[in-house]
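This document starts with one chain, in the form predicted alone, laid out as structure tokens.
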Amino acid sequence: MSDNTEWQDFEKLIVVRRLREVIGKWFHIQINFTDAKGFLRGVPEGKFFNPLNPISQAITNDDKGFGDCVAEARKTTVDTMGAKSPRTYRCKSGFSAVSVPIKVGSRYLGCVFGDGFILKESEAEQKSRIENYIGRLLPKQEKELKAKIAEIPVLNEKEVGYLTELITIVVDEMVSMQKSVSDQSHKVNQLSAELGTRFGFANMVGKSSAMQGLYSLVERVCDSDTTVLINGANGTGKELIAKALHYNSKRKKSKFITVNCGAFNENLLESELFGHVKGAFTGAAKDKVGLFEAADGGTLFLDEVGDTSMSMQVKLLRVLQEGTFTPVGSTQVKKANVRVLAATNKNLEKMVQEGTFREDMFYRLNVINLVVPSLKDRKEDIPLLINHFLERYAKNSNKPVKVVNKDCMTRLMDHEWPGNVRELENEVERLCVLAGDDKEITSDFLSGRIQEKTNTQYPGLRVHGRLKDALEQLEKQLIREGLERTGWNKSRLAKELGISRAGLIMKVEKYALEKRKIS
């Protein structure tokens, strides 16, 4: 329990409400809470819970009397927490009270007290003190209130014990509820930290310049509330980028919700995003909360946003611009504080030109544009990704990490990977399964499409004649394809081929492969 504890939530506990009713009915005594500083909690500011006897009501309605009660509550809290156990004490007005400390773990965080009664053992003395207090504080009501003294509950030692036990039960319920809330909060914070680590920039796999540039841009925009459009082919990891944006932002402790816009027809998507009211359409048996409302305070990821209809784009545009939406079948306008991330594998700019995507929607989504490169454009990341997937498989299956032999790695590097990282991940998992207990993975286990592709990659290559000519032809083709793949970055290609940059330049000149000569 902390200083920002929602004390009014304790009033929602059925046990607390029922015990307050029982204590009021049996003993005609009121129950109040104080925090660690002795301030009354769970009541309207400047008030006690309605006292159950007329004398206490009159005292708390008077400014000085109320001040005395507040001071008593603060002193009682300090004394009770110091005593660390239930105690009975005497108020300035002459009434008796029982207080029980609230303890969570080793921390004392306030107390619950019941007051407004007289002890049987000191009945005469306390009644006399109450008469004197009334005379000094409320002289105009003295006669009327003194007549009410006989109505003050008088408790013997055994009854005080019962009262203390009941108040202790109230405290136990409060502590139990707070422990549950604290545990849930701890789990949420722990999960948030784990997700932040999992989707942290340090754990993103890829050393290629294209990916490093992407990570740098993600890091710069993650803490902004600006809408981001993530472009990339299927399987490139667009959702992972979206999660990195969320779990490294100030919204990381709130929800991250994903919806695939292409998986719903227009009507269902509208209901999914904005919710609906009961009876809005056939099958709407009850109200439904939409994803924008559910993601309030967090992030909503609209995957495959290019598949939305023109009319749906109008409704989405309203949320993006104003933060408001209307559930299906309702006239109530709702508001949500949501950061929107969107992704697509389509060319939205071309769709705008063709009239199949709204121009205003495109510009509203495309405030920040992140492009996730295809795997064929960052082949130097393939060995890193393979090792990453091998280690993950070993961890999940509780087996030693396997290794891919040179020939198998070469074939994996040569494959074009139309399915991108997702295809590579599935292939590595398949290789691990087929390899069984073998530590080394060979090319024998590769999928047929990869075997066939690498065997026929150079269909025009001569297979007869002089070996020297055939090797030169292969060398020329490898260098040309490598230059095109790396954007004519000779340093990078030389490293890939395992030769010096000077050696590569000589071969480029030999085969007339300068960009200006073959473009």
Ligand SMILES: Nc1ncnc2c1ncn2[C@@H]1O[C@H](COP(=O)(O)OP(=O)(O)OP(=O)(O)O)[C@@H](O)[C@H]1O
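Bear in mind the structure is a predicted one, so any value in this text is a computation, not a measurement. Residue numbers run from 1 along the displayed sequence.
The protein also exists as the form predicted in complex with the ligand; that form is not presented, and the subsequent description refers to it.
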Problem - Answer option from 110, 327, 116, 237, heavy atom within 4.5 Å of the ligand in the predicted bound form - result: 237
Fill in the blank from the handout: Exactly one of 401, 289, 434, 205 comes within 4.5 Å of the ligand in the predicted bound form through a heavy atom, and that residue is 205
Exercise for the section: Heavy atoms, 4.5 Å, the ligand in the predicted bound form: which of 153-161, 385-393, 169-177, 349-357 makes the cut? Say which one. Expected result: 385-393
Problem - Non-hydrogen atom contact residue 233 with the ligand in the predicted bound form at 4.5 angstroms - result: yes
Practice task
Would you check, heavy atoms only and a 4.5 Å threshold, whether residue 307 touches the ligand in the predicted bound form?
Solution key: no
Handout entry: residue 425: touches the ligand in the predicted bound form, heavy atom cutoff 4.5 angstroms
Key = yes
Handout entry: Heavy atom of residue 441 within 4.5 Å of the ligand in the predicted bound form
Key = no
